[in-house]
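What follows is a single chain, given as structure tokens, in the form predicted alone.
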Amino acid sequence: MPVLTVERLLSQLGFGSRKESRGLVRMGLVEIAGVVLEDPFQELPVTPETIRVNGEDITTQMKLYVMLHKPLGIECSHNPQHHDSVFSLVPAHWQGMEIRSVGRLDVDSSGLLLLSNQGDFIHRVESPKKGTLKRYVATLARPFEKEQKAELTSGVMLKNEKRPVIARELKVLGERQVEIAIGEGLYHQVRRMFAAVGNHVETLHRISIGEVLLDPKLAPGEWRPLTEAEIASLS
């Protein structure tokens, strides 16, 4: 196992190449336990819980599992086209740690978004075969009819899809508001499902993925690490 040096730790935490990490140390921007480091090749016998970089305390957790309350008007992309990126809401060095969104919410949708840099975890949550339920509250343009409920719970065909999709759970919250759960996570699936039965989604808010609920303490744009129990529930 390679010896852990300051430059290696910084690089693993997403602060750039080993050369760029050495530069941070030589500029006096890196501290451990209140001590400014001078030697980027200094060996670390144990990984510190935190390291201070350019005045910011950074946890040294390498495996990222994050819950974010996605606001409207934000793209789930590292290369956004017309809006800010969801990754602008989290520590910048995470992008160097290859963090990704676990599934997506479109720019006009809000609510629970998971982020991680663990490929196995992302695959398990996204996989249609796993069938992890994603629950949304949809506000509709027109009153929700019994016939529409019957169609959605029995299955509707969406354009360019090979098989029908169904609402795994459906709860009417009001004349134009419905809570719906799906298992697949296809492109714009919930919006397309309501359109297929003759309605239109005006607002869409994701409230849960599997057993993980959007933390009510998180305001739009805020995030927190997933708990061990939340991670385990999605494994």
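From 1 onward, residues are counted along the sequence shown. For clarity, every value in this text was computed on a predicted model and none was experimentally measured.
The next section is about a form of this same protein that is not shown, the form predicted together with uracil (URA).
Item checked: 4.5 angstroms heavy atom contact with uracil (URA) in the model of the complex for residue 188 -> Within the cut-off, so yes.
Note to self: Can you tell me whether residue 64 touches uracil (URA)? I mean in the model of the complex, with a 4.5 angstroms heavy atom cut-off.
What the structure shows: Heavy-atom contact with uracil (URA) at 4.5 Å: absent for residue 64.
Margin query: How about residue 144 - does it come within 4.5 Å of uracil (URA) in the model of the complex, if we only consider non-hydrogen atoms?
Written below: No, residue 144 is distant from the partner.
Checklist line | Proximity of residue 106 to uracil (URA) in the model of the complex, heavy atoms at 4.5 Å | finding: Output for residue 106 is yes: heavy atoms within 4.5 Å of uracil (URA).
Next item on the list: Among 37-45, 189-197, 163-171, 56-64, mark the stretch whose residues have heavy atoms within 4.5 Å of uracil (URA) in the model of the complex.
Entry: Partner-contacting stretch among the options: 189-197.
Checklist line | Residue among 204, 209, 178, 51 with a heavy atom within 4.5 Å of uracil (URA) in the model of the complex | finding: Only one option qualifies, and that one is 204.
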